[in-house]
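Below you will find one chain, with nothing else, as structure tokens; this is the form predicted alone, and questions on how it binds or moves follow later.
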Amino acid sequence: MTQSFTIGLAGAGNVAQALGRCIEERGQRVSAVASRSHARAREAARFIGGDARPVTYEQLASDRVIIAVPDHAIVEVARHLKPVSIVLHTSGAFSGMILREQVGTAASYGSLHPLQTFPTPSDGYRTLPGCAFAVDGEPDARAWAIEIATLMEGLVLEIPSSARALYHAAAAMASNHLTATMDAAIETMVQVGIDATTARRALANLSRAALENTLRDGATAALTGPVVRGDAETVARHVEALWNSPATIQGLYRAAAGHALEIARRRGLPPEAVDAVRSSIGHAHG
């Protein structure tokens, strides 16, 4: 069946390139890619393939548009667009209705947020199929967002406008904060005298197993270590040993241990052990 509408991508970054190539290969043809930089638009069009042409935002003349730019630029970019039938944006933090409220030049607005990380276009292209997509919006826009997610064999998450920030906070904890936690662990290994490359290798299997166990069995069953054992003395020694570490690492340890303690409490750690570990987490130097 011939596609009866044209698709334009407003944005030429990693998300735009990965999403554009994925939908292009699944039969939703991308006719144009827009960017402030013609070189960047040309590079994105080449990566996406098909008949995608590099254009400016003002030249983008497609029936439907996907805005894939940083959150702070969404409204500004939308104001450069010609009137279209449907506009989706790829932000996780905002509903599609932010555009209806501030721009209002499309027949139907919505959002399509891929719950995935995009360090490079190639990485995103590889991991995008099968991921979850948060969708919302007016009927036509929402229907198209679901259609794209379905093409990707993705999990559709219907996130109401009022919960977008909370949803996005969860996404940040599961990805950005996971990266930050791993960096803190590697930095701490470096303080021991192990070089960063060796530290990454040493922690890799431990971290993968912990994540896989948590995703498979849930945190309550998967949690191991001194907190869930009620080993307050070991936790206090950790806090003491981290005293000369950056304040951010100390705070991260205390915050993560505090939540681990809540998981341990759910698993049945006795109240007196919970209190002892909580005291150790707040242990003062010396």
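This is a predicted model, so every value here is computed, not measured. Note that residue numbering follows the sequence shown and begins at 1.
Although it is not shown, the form predicted together with a small molecule is what the next lines describe.
In the model of the complex, none of the heavy atoms of Y125 sits within 4.5 Å of a heavy atom of the small molecule. Though the partner is left out of this view, V77 does reach within 4.5 Å of the small molecule in the model of the complex, counting heavy atoms only. Residue contact with the small molecule in the model of the complex: P70 places a heavy atom within 4.5 Å of it. Not displayed here, the small molecule is kept clear of V277 by more than 4.5 Å at the level of heavy atoms in the model of the complex.
Heavy atoms of no residue among I186, R201 and Y253 are located within 4.5 Å of the small molecule in the model of the complex. Only one segment in the set 222-230, 239-247, 24-32, 37-45 has any non-hydrogen atom within 4.5 angstroms of the small molecule in the model of the complex, and it is 37-45. Scanning S85, S161, T117, T214 against the small molecule in the model of the complex with a 4.5 Å heavy atom cut-off leaves one residue, T117.
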